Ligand SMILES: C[S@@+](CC[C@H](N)C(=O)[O-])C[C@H]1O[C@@H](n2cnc3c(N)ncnc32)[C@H](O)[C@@H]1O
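Only one chain is shown below, in structure tokens, and it's the form predicted on its own.
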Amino acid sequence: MPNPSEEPLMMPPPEPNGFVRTLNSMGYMSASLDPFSQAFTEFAPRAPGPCLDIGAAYGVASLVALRNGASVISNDIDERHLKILSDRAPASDRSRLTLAVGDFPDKLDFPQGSLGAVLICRVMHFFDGPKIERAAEKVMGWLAPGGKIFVVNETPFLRTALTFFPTYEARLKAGDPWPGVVENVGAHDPKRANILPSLMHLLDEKTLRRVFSKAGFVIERLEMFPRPDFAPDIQLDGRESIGLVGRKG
């Protein structure tokens, strides 16, 4: 019998810009779909296998993909997020929803060639370089031929990263393969230091192209795009996020 003193899990109220705080201090879930997440939800129903939403949080992309008719595996490191996601899913869609708790990429696995599409939205900017490489290689193995990966990350072109930008440019000039690693987020964004990990990896086109091409993906789309949904103190010049679509041949 449930303990009446236990409060049900609830999604936190959104911030003024619509972003919803995660329960595990790993930033926020966007309340709306960016162009690349939208492309994932549109491809998902016709993908050559079930689709995986990595770091799904409360399901902004998973729920749309389900509504479009896809079979969706929603992954998150925090089981509470997935419980809320499942509760938000319409009963008519739940037979096509699978929940997968696990730390991607090192503590999550699927059979080779078993997935049709993978979305990694606003997750890899919490990874160091070698972990990003492992992520790309692992997804390449999981995807069926014709399957696609959809990636969204933050870039160095954020207003909160302005003091970091000289470091980024110096690393670029020196040929550093990972020029966007911010070792101390709190020094650049003290306002959000308590809800973000200390390391943030701001990614650019050159870095993403190198990593995913090396893993074997055919790059179909790679571009920076504006984030009008970001808080005003984060927005800079329309290059706040970067998206990639890669196909397994």
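Residue positions are given as counts along the sequence shown, with the first one as 1. Note that the structure is a prediction, hence the values are computed from the model and not measured.
The form predicted together with this ligand is left out here; the points below concern that form.
- The candidate spot formed by G55, H81 and V123 lies fully in contact with this ligand in the model of the complex, as each residue has a heavy atom within 4.5 Å of it.
- Contact annotation for S30: at least one heavy atom lies within 4.5 Å of this ligand in the model of the complex.
- Residue contact check for N17: none of its heavy atoms lie within 4.5 Å of this ligand in the model of the complex.
- Contact annotation for N75: at least one heavy atom lies within 4.5 Å of this ligand in the model of the complex.
- A residue is said to contact a partner when one of its heavy atoms sits within 4.5 Å of a partner heavy atom; Q235 fails this definition for this ligand in the model of the complex, lying far away.
- None of 217-225, 177-185, 56-64, 40-48 except one has non-hydrogen atoms within 4.5 angstroms of this ligand in the model of the complex; the exception is 56-64.
- When this ligand is considered in the model of the complex, only one residue from F164, F110, F157, F127 comes within 4.5 Å through any heavy atom, namely F127.
- Contact annotation for 90-122: residues with any non-hydrogen atom within 4.5 angstroms of this ligand in the model of the complex are G102, D103, F104, C121, R122, listed in sequence order.
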